[in-house]
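Below, in structure tokens: the form predicted alone, a single chain.
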């Protein structure tokens, strides 16, 4: 069974429907025990890192996620799930999970025609091969909605990049059994569904 972490970060049903579309059995849960017992974990989310981290801690889900990561079982992070996996977010000045070393920063542009949040379709440049990325091609477009972006400390954690304005940021990161995208798989049409299908087959190794 695949557990989808419920921490009031929104968009959970859309993620579940996308899983159902590709034949994945996925359960939305806020129960730490269910999360620990799952075969795979999806860590999605939209909204504020500050409130999301507070909710994770209040429900004990932060510890459950870290224990799941330590178990070696596969985890898929989406959007806010990617950001919170880092050590720190400027949004709310929050310490996060620390699965990936690095921090999340807010988009800041001198060109005021560039809108924040970054919303819409954009290309992903694949910089390092990964089993989860075998179903897509370099330059494929995916759907983004975010005001903050991740800046991993080590380039070895970065598997895909995207450029918005004058900022090139990590849009795909992975470490060990954790794989995450800044873009929304559940809103990215056929290519997003391909990645979800790849997650069904992924054993958690790079």
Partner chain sequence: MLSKRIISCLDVRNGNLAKSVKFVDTKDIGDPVSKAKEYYDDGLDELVFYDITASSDDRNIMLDVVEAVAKQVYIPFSVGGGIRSVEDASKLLWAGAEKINVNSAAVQRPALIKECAHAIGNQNTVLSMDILKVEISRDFPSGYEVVINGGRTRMGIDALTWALQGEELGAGELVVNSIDADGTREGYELNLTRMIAEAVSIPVIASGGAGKPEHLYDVLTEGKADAALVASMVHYNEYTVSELKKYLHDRGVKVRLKF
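Positions refer to the first chain, counted from 1. Only a predicted model underlies this, so the values are computations on that prediction, with no experimental measurement involved.
There is another form of this protein, the form predicted together with its partner chain, and it is not shown here; the text below is about that form.
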**Study point:** One stretch from 62-70, 150-158, 35-43, 137-145 that, in the model of the complex, holds residues within 4.5 Å of its partner chain by heavy atom
**Key:** 137-145
Review point. Does any heavy atom of residue 108 come within 4.5 Å of a heavy atom of its partner chain in the model of the complex?
Key: no
Check your understanding: Looking at the partner-bound form in the model of the complex, is residue 98 within 4.5 Å of its partner chain by any heavy atom?
Key -> no
Exercise for review: Indicate whether its partner chain has at least one heavy atom within 4.5 Å of a heavy atom of residue 116 in the model of the complex.
Suggested key: yes
Review point. According to a 4.5 angstroms non-hydrogen atom cut-off, is residue 90 in contact with its partner chain in the model of the complex?
Key: no
Study note, to complete from the structure: Looking in the model of the complex, the residues of 182-206 with a heavy atom no more than 4.5 Å from its partner chain, listed in order, are 186, 187, 188, 189, 190, 191, 193
